[in-house]
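Quick setup: one chain, the form predicted alone, written in structure tokens, and binding and motion questions come after.
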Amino acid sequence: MFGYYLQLALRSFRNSKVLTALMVLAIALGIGASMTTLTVFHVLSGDPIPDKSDRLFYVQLDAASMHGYTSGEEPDRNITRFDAENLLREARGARQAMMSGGFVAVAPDDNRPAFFTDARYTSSDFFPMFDAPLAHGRAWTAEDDASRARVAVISAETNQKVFGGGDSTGKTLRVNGADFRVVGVLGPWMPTPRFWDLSLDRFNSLESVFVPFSTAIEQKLSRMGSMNCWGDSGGDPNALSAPCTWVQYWVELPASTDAAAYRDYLTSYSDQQRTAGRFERPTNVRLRDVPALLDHQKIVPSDVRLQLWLAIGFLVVCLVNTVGLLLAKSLRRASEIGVRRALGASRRAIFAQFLVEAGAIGVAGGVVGLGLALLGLWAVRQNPSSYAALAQLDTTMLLTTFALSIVASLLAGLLPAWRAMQVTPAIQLKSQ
């Protein structure tokens, strides 16, 4: 019966070309606008590391002074270097990493000029903990961390830019005038958002150079990112004992159920530091996995959320218009419906026929709407915002486009189909 209903729908479209074109256009405009914003929202709100996001936890401790203290307030986003090194040394998780962002000058071996680029200073567990893919070589080791070895892992883009690509392990990379031995080259890797340091641009490209945190401190490489100090740092806020928060600390636990035990450990650590006189405030720790952290930090920009709601509202308006057009069309076909009913078609058959017709309009609207969505995403990519380049339609959103279009058109067709099946054949035949 579906094929027969589809033939009736196509015949109806040929008889009402203008009305059909208006309905397809209404659906297409709503789908195009909503899928453009929904795709941007989908890209920005995705899980950057779905295989283990519930086992990676971001640590916050409240080490600030009592000045300006408010009970229950959120601790600073970062922790002190002293606390980070303590937690790293005690190693209560399966893996743990301390880190900070940086900005360094990289000089190629030939006569090309040096260029400035983003860097990440971290500890050895960073790479296995975040599933960083290594195309060549390996990550540095804990022994390299301890010995402040001048080693580096570079991104694929930096490898191409400095060494022309290929396996560059063992080569020398000049960073801020010092020689670093390349031990690893990352493969293509672009977790979105760049969740390990939300104080920097969350949707920017991957850092180009990774070096041990201890080496970066010894080499006095320039640091980048937020910092909060509440006491005398002695002129060096990066010093071990400086009362400044600027280090991000992540821990990987064997299972998400181990979070409560690790939180108890953090609470005990904070109590010990307060007893020792370092912490002044009551114990206030936070331990969030990746989804909870992204949700707390409101990772999706507010303008993107607003645009999504506006687009959904526009889709609803388009559907209301489509309902009106479908109703008008069903009224014009009352005589046709009366004849079909008189020939034995049931109300259920009439209802199904009009739903198939609405679904066919939805498919056509989805095709046109897909083109409008691609055009809208192209316009988004011309935007100067850091997330603009990410606005690409993937397979999931491609299928969502047609699913949303068909579901929306079926919803719009419910009332006209119900009105059509209420047509009384005797009255229609008598009026003819």
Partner chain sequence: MDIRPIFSTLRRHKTAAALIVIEIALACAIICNAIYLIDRRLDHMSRPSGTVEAEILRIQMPSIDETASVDRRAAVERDLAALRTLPGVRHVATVTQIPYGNSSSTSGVRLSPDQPNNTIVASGYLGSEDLLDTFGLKLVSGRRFNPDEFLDMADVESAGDSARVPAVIINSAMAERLFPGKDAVGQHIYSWGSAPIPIVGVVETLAMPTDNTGPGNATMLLPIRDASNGINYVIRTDPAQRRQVLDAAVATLKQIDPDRIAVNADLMSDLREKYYREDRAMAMLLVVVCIALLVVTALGIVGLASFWVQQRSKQIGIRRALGATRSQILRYFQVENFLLATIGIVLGMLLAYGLNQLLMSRYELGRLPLVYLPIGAVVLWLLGQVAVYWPARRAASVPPAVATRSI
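Fair warning: this is a prediction, and the values are worked out from it, not measured in the lab. Positions refer to the first chain, counted from 1.
Not pictured, yet referred to below: the form predicted together with the partner chain.
**Student:** Even though the partner isn't displayed, in the predicted bound form is residue 318 close enough to the partner chain, meaning a heavy atom within 4.5 Å?
**Tutor:** Contact check for residue 318: yes, within 4.5 Å of the partner chain in the predicted bound form.
**Student:** Please tell me whether any heavy atom belonging to residue 410 falls inside 4.5 Å of a heavy atom of the partner chain, as the geometry stands in the predicted bound form.
**Tutor:** No, no contact at 4.5 Å.
**Student:** With a cut-off of 4.5 Å between heavy atoms, is residue 219 one of the residues that contacts the partner chain in the predicted bound form?
**Tutor:** Answer yes; at least one heavy atom of residue 219 falls within 4.5 Å of the partner chain in the predicted bound form.
**Student:** Look up in the predicted bound form whether residue 302 has a non-hydrogen atom within 4.5 angstroms of the partner chain, and give yes or no.
**Tutor:** Yes, residue 302 lies within 4.5 Å of the partner chain in the predicted bound form.
**Student:** Just one stretch in 397-405, 50-58, 66-74, 365-373 has heavy atoms within 4.5 Å of the partner chain in the predicted bound form, so which one is it?
**Tutor:** Among the listed stretches, the partner-contacting one is 66-74.
**Student:** In the predicted bound form, does each of 38, 170 and 208 have a heavy atom within 4.5 Å of the partner chain?
**Tutor:** No: no residue has a heavy atom within 4.5 Å of the partner.
**Student:** Name the residue from 254, 277, 234, 344 that puts a heavy atom within 4.5 Å of the partner chain in the predicted bound form.
**Tutor:** It is 234.
**Student:** Could you check which residue among 156, 239, 105, 132 gets a heavy atom within 4.5 Å of the partner chain in the predicted bound form?
**Tutor:** Flagged contact: 105.
**Student:** Determine the residues of 320-337 with a heavy atom within 4.5 Å of the partner chain in the predicted bound form and present them in sequence order; the list may be empty.
**Tutor:** Sequence-ordered list: 320, 321, 323, 324, 325, 327, 328, 331, 332.
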